[in-house]
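The form predicted alone is given below as one chain in structure tokens.
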């Protein structure tokens, strides 16, 4: 496996631990590429024709596909393999974390102190109530979720997420796990060359891996990032410094931002909204509208909505909701993104939606060529990996 954690916060794995991570990475690639292709063949060759014969029509949505697929041995085997591979991701990191916890904490403190001296703040709020959608569920089966804390100044969950994501993604997140941020920020810059944001806000930043590219793409901008989990913020503050940028990190709930009206030019998030209840999604979008300046851009990289996908592809992406401890995944994907933006105050005529090819996966030439053309949501958009990853984004101008 290519070494994706290269910054000074990297935990040191021994040969056996690296071998285990390589195995898990290969297993996940096999499940999500080869087995996923086989499952689709089972559906198209047997399940869909049987459904059509019984009902006189094809499945109308992903839920009907799901119910039809449940009895299939291939689907059960696929689900068992994928679930266990997900747990193995975290198990491949935990022994290293247990050994390296104190050392990575100390390195984090040193880098954070350097960042503070250079003016990049880390602001934690001991009184912030962690929302129940975080405390009640270990999202995507990550032990301790984003907020688990083990001692003073702890950064364990940040380190677990960073290194676990490297194993989980088998390269699809880019060489520094920042391909979403690189792709979206680069796309915005290329498509709107006259747009020069001065203040940028990343919502639900976890460890800031997709915040860093915004700071690099717009080096004159003041960049802020928020999350509710203190360990990830501590780690992210140090990680940003290790990656050569200064970013202000704040412990804050995106449903009630502690920023002034009309104070940002960009409000961004990546893979965040689908981890919120629908009522909180609406609050987050309304807050984004409030803090955006006129002429500012709200843009979210997310999973494409069900109303823009085939029934089977909707079923495929919604697997995580049913089997991967992501209960808000499908409810988010069932929303009409244009409608919820309008409900938050945005003009529907200023709604935007892009399908952006992975900058690292497709290469810079293909990426740059995509900037001037619109692409439709389709089979190879986020989650169907064999054909190449593309990132679905939506939002609006204020």
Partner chain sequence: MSAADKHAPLPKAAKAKRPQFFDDPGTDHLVSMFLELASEVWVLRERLQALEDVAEDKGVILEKELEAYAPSPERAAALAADRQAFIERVTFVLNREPPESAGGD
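Residue numbers count along the first chain shown, from 1. Note that this is a predicted model, so its numbers are computed, not measured.
This next part talks about the form predicted together with the partner chain, which is not shown.
- Only one segment in the set 304-312, 145-153, 176-184, 207-215 has any non-hydrogen atom within 4.5 angstroms of the partner chain in the predicted complex, and it is 145-153.
- With a 4.5 Å cutoff on heavy atoms, residue 46 counts as touching the partner chain in the predicted complex.
- Looking at residue 26, you'd find a heavy atom of it within 4.5 angstroms of the partner chain in the predicted complex.
- In the predicted complex, the partner chain sits beyond 4.5 Å of every heavy atom of residue 10.
- Under a 4.5 angstroms non-hydrogen atom cutoff, the partner chain in the predicted complex has residue 16 among its neighbouring residues.
- The listed set 278, 293, 76, 191 contains one residue whose heavy atoms approach the partner chain in the predicted complex to within 4.5 Å, identified as 76.
- For the residues 198, 130, 325, 263, the 4.5 Å heavy atom test against the partner chain in the predicted complex is passed only by 325.
- Contact check for 283, 369 and 373: none of the three has a heavy atom within 4.5 Å of the partner chain in the predicted complex.
- Counting a residue when any of its non-hydrogen atoms is within 4.5 Å of the partner chain in the predicted complex, there are no hits in 195-209.
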